[in-house]
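Given next, in structure tokens, is a single chain: the form predicted alone.
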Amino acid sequence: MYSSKISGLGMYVPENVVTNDDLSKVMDTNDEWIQERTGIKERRHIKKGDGNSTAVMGVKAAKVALERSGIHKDNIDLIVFATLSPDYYFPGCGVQVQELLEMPNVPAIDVRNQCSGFVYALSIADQYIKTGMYTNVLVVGSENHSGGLDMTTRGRSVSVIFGDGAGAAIVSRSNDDSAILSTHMHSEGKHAKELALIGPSTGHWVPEIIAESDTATDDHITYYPYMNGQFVFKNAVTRFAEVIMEGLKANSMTPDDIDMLIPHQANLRIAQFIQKKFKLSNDRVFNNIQKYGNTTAASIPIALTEAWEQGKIQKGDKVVLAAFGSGFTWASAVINW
């Protein structure tokens, strides 16, 4: 059986910076309220006319990852694209990336696991390489949240959290000790509606939604995302810890062996809770939610790219990725860099 490694990383965020003070002009909120609850100071939003979309941002991140990997796009065997905000209801963004990058007939898989999407996608890439079916896989996580948020006081508890952006990784067959050691994935669908966008969907299509968009029903059917924040937080801190320990135990490791933890950037308070639980120093956990907000499937590859760019990840380091989100789904990956 082969092993895989991350051979290149890239990221892209829109130029348009939206600060907490900017949000306070369109909804009843303020910088102190947002930072106290989330740790977020600013985020990036696509601006009308800037040419960006979920797929386009993914392509921009992918081009950087390809260049850094030294692998030509013609040598990519598979595209795995993770997002909750595709450009179209169908088809998914994977085929758009295939077209925009001019990669004739390369297969594309779309992953809809929201905040856990990138780790799920990374696991898929890892397995295809381990079996020997493919040699190089392009994994992308990209989100355009700003196009579907309720930017009023009514939606502030959700809308202040999310930002736009994309991250990408080239996963390749490894010829040395660098390897994705293991990946671990779970779900618990009974809590699906605690963090969800129920409509639009085939069960509650657009004309109905527009008519009811001012008021969520008892089933939280609304045009905008719904989140039971306290319930999600309580589940997140539990599942984060569990899935990180699962990965460590699978590799006969302890928290002391972690050189860098890259948690999904959902809420700085969650990351700080996990850091304290595992007794990790500040230089062993990377957070950038302060600058970008929660970019869902893009958050881990964006953070991983920045940590690597800043020299905080070196060859031989033990890197742990962990995510929890809508579904509920949660996942982790343990990497020997």
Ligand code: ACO
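Sequential numbering from 1, following the sequence displayed. Because the structure is a prediction, the values reported are computed rather than measured.
What follows is about the form predicted in complex with the ligand, which we do not show.
- Proximity to the ligand in the predicted bound form holds for none of 71, 134 and 304, with the criterion being a heavy atom within 4.5 Å.
- The ligand in the predicted bound form is not approached by residue 309, whose heavy atoms all lie more than 4.5 angstroms from it.
- Using a 4.5 angstroms threshold between heavy atoms, residue 114 counts as touching the ligand in the predicted bound form.
- With a 4.5 Å cutoff on heavy atoms, residue 174 does not count as touching the ligand in the predicted bound form; it lies far away.
- Residue contact check for residue 10: none of its heavy atoms lie within 4.5 Å of the ligand in the predicted bound form.
- Stretch 258-266 is the contacting one of 75-83, 258-266, 179-187, 125-133, since its residues have non-hydrogen atoms within 4.5 Å of the ligand in the predicted bound form.
- Site annotation in the predicted bound form: the residue of 170, 243, 160, 97 reaching within 4.5 Å of the ligand with a heavy atom is 160.
- Exactly one listed residue, out of 151, 232, 198, 248, brings a non-hydrogen atom to within 4.5 Å of the ligand in the predicted bound form: 232.
- Contacts of stretch 318-335 with the ligand in the predicted bound form, defined by any heavy atom lying within 4.5 Å, are made by 324, 325, 326, listed in sequence order.
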